[in-house]
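Below you'll find only one chain, the form predicted on its own, shown as structure tokens.
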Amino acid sequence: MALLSESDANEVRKIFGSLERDVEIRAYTQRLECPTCQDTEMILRELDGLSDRIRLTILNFQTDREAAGKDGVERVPAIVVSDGTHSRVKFYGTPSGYEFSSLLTVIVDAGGSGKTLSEETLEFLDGLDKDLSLQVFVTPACPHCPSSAVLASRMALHSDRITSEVIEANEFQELSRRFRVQGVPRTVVNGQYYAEGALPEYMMVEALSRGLEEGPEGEKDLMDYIRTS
């Protein structure tokens, strides 16, 4: 039984019509101890059937260890989206609710040629001299989460200095506790900086730029770099 209705599937076909090049999606799942892996597979297989530009590969996290290591995948279900040359953009958890829209947007970004980031953001990314890990905690019912998830993913698509992980907070509760996620979206940068809520692109770039320059010890709220401007 299809998870997408006929009208939803037709809408996704239209969205994928803007793809100008192939998009590689690698999904890691497993049969045991992963109650959401089957649904994730079903969703991705349906998406794969809606465009000839989608290149879907389903891997077994337990047996395809070498591939998982190369992709930096540490938990399941995991979805890696790219043009086939990197594994910097990942989604952890079932892409349902608002997370589904985030995944669609990132797929189109990966296969399109349109401008997705401002010139100021591109300048910041091109000038990075250190690697950044962006972890965005989200939930399917959060309407504000897609903007944070998509922004982190777009940054990672552009810069080989950045990796992004969009993490479904309820599915990975141990990880959520580790990073003290009490509300979403919550963005954690290098395990040190954090942002509560969905920061606009220009604010995120300004905060990161100032925060990285200062390089404080311990955790730091990125909003502190905005309030002192």
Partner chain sequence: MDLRTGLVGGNPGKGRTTDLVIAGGGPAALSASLYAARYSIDHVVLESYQPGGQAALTAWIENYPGMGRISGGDLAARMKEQAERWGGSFETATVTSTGLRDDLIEVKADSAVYLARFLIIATGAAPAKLGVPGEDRFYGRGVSYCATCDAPFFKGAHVMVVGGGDSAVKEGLHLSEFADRLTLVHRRDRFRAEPYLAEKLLSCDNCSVRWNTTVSAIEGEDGVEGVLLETPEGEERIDVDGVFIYVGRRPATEAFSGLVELNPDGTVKTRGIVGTSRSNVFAAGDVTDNELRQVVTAAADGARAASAVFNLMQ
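What you see is a predicted model; the values in this text were computed from it and never measured. Positions refer to the first chain, counted from 1.
There is another form of the same protein, the form predicted in complex with the partner chain; it is not shown, and what comes next is about it.
Under a 4.5 angstroms heavy atom criterion, identify the one residue in I162, V189, V181, L59 near the partner chain in the model of the complex. Exactly one listed residue reaches within 4.5 Å, namely V181.
Since exactly one of C37, A68, A198, M204 fits, which has a heavy atom within 4.5 Å of the partner chain in the model of the complex? Exactly one listed residue reaches within 4.5 Å, namely A198.
Indicate whether H144 is a 4.5 Å heavy atom neighbour of the partner chain in the model of the complex. The answer is yes: H144 has a heavy atom within 4.5 Å of the partner chain.
Please check if Q30 has a heavy atom lying within 4.5 Å of any heavy atom of the partner chain in the model of the complex. Flag for Q30 set to no.
Evaluate L175 for contact with the partner chain in the model of the complex, applying a 4.5 angstroms cut-off between non-hydrogen atoms, and reply yes or no. Because no heavy atom of L175 falls inside 4.5 Å of the partner chain in the model of the complex, the answer is no.
Just checking whether A169 would be counted as a contact of the partner chain in the model of the complex - the rule being heavy atoms within 4.5 angstroms. So A169 counts as contacting the partner chain.
Can you confirm whether I54, G112 and S209, the three residues that make up this candidate site, all sit within 4.5 Å of the partner chain in the model of the complex, judged by heavy atoms? Looking in the model of the complex, the three residues I54, G112 and S209 all stay beyond 4.5 Å of the partner chain (heavy atoms).
Mind listing which residues of 1-20 have a heavy atom within 4.5 Å of the partner chain in the model of the complex? L3, L4, D8, E11, V12, I15 sit within 4.5 Å of the partner.
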